[in-house]
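We begin with a single chain expressed as structure tokens, specifically the form predicted alone.
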Amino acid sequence: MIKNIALLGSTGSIGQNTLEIVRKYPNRLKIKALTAGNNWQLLAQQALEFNPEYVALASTKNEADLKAALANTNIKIGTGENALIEAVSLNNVDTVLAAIVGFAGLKPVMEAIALKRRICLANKETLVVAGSIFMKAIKENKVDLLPVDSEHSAIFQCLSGLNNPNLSKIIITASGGPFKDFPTEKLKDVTVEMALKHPNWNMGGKITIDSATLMNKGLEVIEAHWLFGADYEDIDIVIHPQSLIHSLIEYSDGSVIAQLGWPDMKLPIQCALSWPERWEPPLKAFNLLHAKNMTFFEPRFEDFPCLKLAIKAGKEGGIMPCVLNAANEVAVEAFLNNIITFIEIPQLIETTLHGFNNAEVKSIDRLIEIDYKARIFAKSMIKAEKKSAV
């Protein structure tokens, strides 16, 4: 049976890896919709190759350029936020692979759930910001949810067919990023170029910076809490620089089960798209004899405070994960634009968190409001800090 896919975020690293899987299995996977943020050139190339029914740009800036590039096709074109929702609403779409980075992925994914699409989730911010609302919608609509993040895919695979009530602990592995061995005093000198050089994974800018600050791992802890119903006290993080073990689970009898594989996102993407089947490997099969020595150590919580901030916000719940995420997105963008320094990223996030009183969240509209206010607050803190430094 062919899966008809709406791919949200087709021009990013997850999106491009997904299309490699689709190329390999044209008789099993069909692209019905492609969406991108503002990279209209690559989106047009992808559309010409995969001939979807619909393409969408979140930005309206290059609508005319995209229409000109696809003028000789029958592909329908949309722009703006509502266009992303239209992409998941096509009648013959049954699977949505959500690879949009950041808060922008929330609304189209929630719409896809309401339409009972199968969700392959690579957008961690959706679960971080709206975990309780998201999981409630998944259960009420009886929707299949397949994690695409390598760590959560690993946990999902380890748990498959086993008795979850006997689960004792989830152990999430982390590469440690490019600065795992950096002396504390040198972190203040980290440049954008240095932070974007991840030792193992080829990822987009935002997630690569999150990996460098270890915010990525904090967000993954919140994800794991919602995906697998684990208490925060039962989720551990272990630095594993080789990124060969993608995560582990521990059962009440002390048994530990791990999922191993090369650090390549095509593996968890294909797992999500093929589940419950197992297709031919998308790359050379993992071989322990060819693997490097595997090492493990504890995270440096004090040197990478984003990790503690994320876990704290997750435990507090309410609006705090939403505030955390918004502040982090503002901070990462500011760092990438050389407006703030690497060590100022967690400082800005913490200041923003302190600027909000926690409250219960019952709707997506309320989360959108909190996200907007947190971004405004974080940006104002940057302006105030830079003004005082003059």
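Note that residue numbering follows the sequence shown and begins at 1. All figures in this text were calculated on a predicted structure; none of them were measured in a lab.
There is another form of the same protein, the form predicted together with a small molecule; it is not shown, and what comes next is about it.
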Thinking of the small molecule in the predicted bound form, which stretch from 60 to 68, 344 to 352, 37 to 45, 357 to 365 has heavy atoms inside 4.5 Å of it?
-> 37 to 45
Selected contact from L267, L115, A137, M203, since only one has a non-hydrogen atom within 4.5 angstroms of the small molecule in the predicted bound form = M203
Which residue among L214, V129, L84, A310 has a heavy atom within 4.5 angstroms of the small molecule in the predicted bound form?
-> L84
Is there a heavy atom of K124 lying 4.5 Å or less from a heavy atom of the small molecule in the predicted bound form?
-> yes
Touches the small molecule in the predicted bound form: A378 (any heavy atom, 4.5 Å) = no
Do A374 and the small molecule share at least one heavy atom pair within 4.5 Å in the predicted bound form?
-> no
Classify G102 as contacting or not contacting the small molecule in the predicted bound form by the rule of any non-hydrogen atom within 4.5 angstroms, answering yes or no.
-> yes
